[in-house]
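In structure tokens, the next block holds one chain alone, the form predicted alone.
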């Protein structure tokens, strides 16, 4: 993979759907731009519903406005100052007339600098049905066709096969916009990129309704597995994603891949022992690369090796005998409180370890 990979943001659109204030959205944009996000899709419907006004906003050049093939909606997008317009369309096999789409494209072409067509159910159509649109793409100088899989109908092999075939004949570049009903959106987006598509839709942590590919997953796979050096640094990725989601009132799941709090946490004794010898046994990347740190959790599944390594991180030495005595107490406390021990509890056990050992002997 040598081509540049471009992510089209869907996070802001979800923020609008959730009613996030424009002031908070403006704070989200610089964080997204750290990850080479240069295009942000927003739905006219969400803008109208939220009452957000963008006429004077500095965000406008970044935004592409999504409208239906309604002349009224297109006129409103024009009035709001948009110059980049996506006409969304759902192909109806029993009523394949494209006159309404052609009228919408003609109206958009009168003022928009960039016009895109998004076929929402493209994944459910045959190649012959999609090629019916090629002449419209040429006639109205459509910048890119957005191939959307709104029903999560595809898997990665299907995405690659279909997009690779379409790109042999389509008269303009394509984008891919996948969804995540079966947890395949990120994999499908990578398959689209592998087929030669350069632009894919994604959102921070995959947020959306329906959900999207996760921006952080796509970027880190491209950087690590495909060795693309132009990908931005991820050292503040976790903090940035949490910050963006907090503006939207969305809580990040603790087990979210790459950026979840517990992704780099290890409790089991054999895991902790193994990971200190070779981190690649249980971690695909170093936690610091996405702004995280490895956490050794001490609880009922821990072993003596975990305890000794945990205290060694604090420059506190613990002998094997002391660790054995302490482990029994650790497991008892963890079972009683139904959670791992806090650092404070561990320190208390450490500084009272002699009393603990004597009481167990007696």
Partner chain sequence: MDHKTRFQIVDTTFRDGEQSAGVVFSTEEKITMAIALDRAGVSWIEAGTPAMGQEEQETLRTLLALPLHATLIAWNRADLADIRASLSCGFSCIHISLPVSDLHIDYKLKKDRKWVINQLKTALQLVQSYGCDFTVGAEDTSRADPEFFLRFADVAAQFGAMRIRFADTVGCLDPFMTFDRLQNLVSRCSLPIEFHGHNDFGLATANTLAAFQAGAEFASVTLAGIGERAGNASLEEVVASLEKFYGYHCGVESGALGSLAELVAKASNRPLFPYRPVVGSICRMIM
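Since the structure is predicted, the reported quantities are computational estimates derived from the model, not experimental observations. Numbering follows the first chain given and starts at 1.
There is also a form predicted together with its partner chain; it is not shown, and the following applies to it.
For the options 104, 112, 207, 118, the one in contact with its partner chain in the model of the complex, meaning a heavy atom within 4.5 Å, is 207. With the partner omitted from this view, the residue of 129, 164, 283, 76 that lies near its partner chain in the model of the complex is 283 [heavy atom within 4.5 Å]. The three residues 134, 139 and 288 each lack any heavy atom within 4.5 Å of its partner chain in the model of the complex. Using a 4.5 angstroms limit between non-hydrogen atoms, residue 194 touches its partner chain in the model of the complex.
Within 4.5 Å of any heavy atom of its partner chain in the model of the complex lies no heavy atom of residue 169. Proximity of residue 331 to its partner chain in the model of the complex: non-hydrogen atoms within 4.5 Å are present. Although the partner is absent from this view, residue 24 stays clear of its partner chain in the model of the complex, with no non-hydrogen atom inside 4.5 angstroms. Only one segment in the set 77-85, 139-147, 247-255, 229-237 has any non-hydrogen atom within 4.5 angstroms of its partner chain in the model of the complex, and it is 247-255. Contacts of stretch 147-168 with its partner chain in the model of the complex, defined by any heavy atom lying within 4.5 Å, are made by 151, 152, 153, 154, 155, 156, 157, 160, listed in sequence order.
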